[in-house]
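Let's start with one chain on its own, the form predicted on its own, as structure tokens.
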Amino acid sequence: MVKMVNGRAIARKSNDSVKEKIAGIVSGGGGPLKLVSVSVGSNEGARIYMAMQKRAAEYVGIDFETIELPGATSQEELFALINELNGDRGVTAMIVQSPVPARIDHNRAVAAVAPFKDAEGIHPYNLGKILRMEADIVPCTPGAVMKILRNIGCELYGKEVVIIGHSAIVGKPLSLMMLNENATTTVCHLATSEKGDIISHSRKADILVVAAGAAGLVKSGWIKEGAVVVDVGINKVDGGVVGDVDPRAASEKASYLTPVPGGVGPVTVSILMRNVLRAYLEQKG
């Protein structure tokens, strides 16, 4: 019978650890730690994510500030603000919320953030450190996937790992993190699907991670008996939120499954909090 992974419990344990460490910093005369969220224009999804970030920050003892810029803000004005925050010693870390208006290059905005203030772990410098196995501040969602696998006692050495989705903030960095653990890693994407090979790859996976952004994409026939299935997808369907994996179908084959909601999402936010703590420690040497 499939075991459903309790992401909220994993996140709570992680947040408790961060909270304890921050309390120690403050009692020792350090801190405070501050996370600044920058958004351009109004987006309901971003607002929901920011609310989750704020709740987690308040719990662990991180000051959380939101800066909501008008939708008409130019790229130059956004970069000027980022540069100001980079130089502000009272700011431990920042996030440039996605999405941004089309005229703003989000990748360039992320690259403008100082690497040691990159709360999301997606600055090119921090991504490069994954390749060198030196990463401390890591991309939040890949970090969450790795934390979940460790929490359930899933050994990666020599395992067949298949990742469906090769985005720059999930699939690609996660593939490197898996390789660093000596997993045999396959990344599937649009071209894999167009060739008709995606199901055959998926069926080989001891660990299947799905981050395609397609509701109910993965069915029972895609899953190897006893596989660990990590569903990263978040899709709005009929007023609710569902993942990329059909949960009923997956429960027929999988040994573990992350639910949506309540699986990867809460752990992702906990990794963000851990990144802020690590950013502080890095800045203090």
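All residue numbers refer to positions in the sequence shown, first residue = 1. What you are looking at is a predicted structure, and each value in this text was computed from that prediction instead of being measured.
Another form exists, predicted in complex with a small molecule; not displayed. Remarks below refer to it.
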Partner-proximal stretch of 67-75, 188-196, 104-112, 146-154 relative to the small molecule in the predicted complex, 4.5 angstroms, heavy atom: 188-196
The small molecule contact in the predicted complex: S220, any heavy atom under 4.5 Å: no
T141, heavy atom within 4.5 angstroms of the small molecule in the predicted complex: yes
Contact label in the predicted complex: V232 to the small molecule, heavy atom within 4.5 Å: yes
Contact flag, L179 vs the small molecule in the predicted complex, heavy atom cut 4.5 Å: no
The small molecule in the predicted complex reached by all of N15, V18 and A56, non-hydrogen atom within 4.5 Å: no
Listed residue (I122, I164, A205, L174) with a non-hydrogen atom within 4.5 angstroms of the small molecule in the predicted complex: I164
Interface residue in the predicted complex among I95, I137, V209, V170, criterion: non-hydrogen atom within 4.5 angstroms of the small molecule: V170
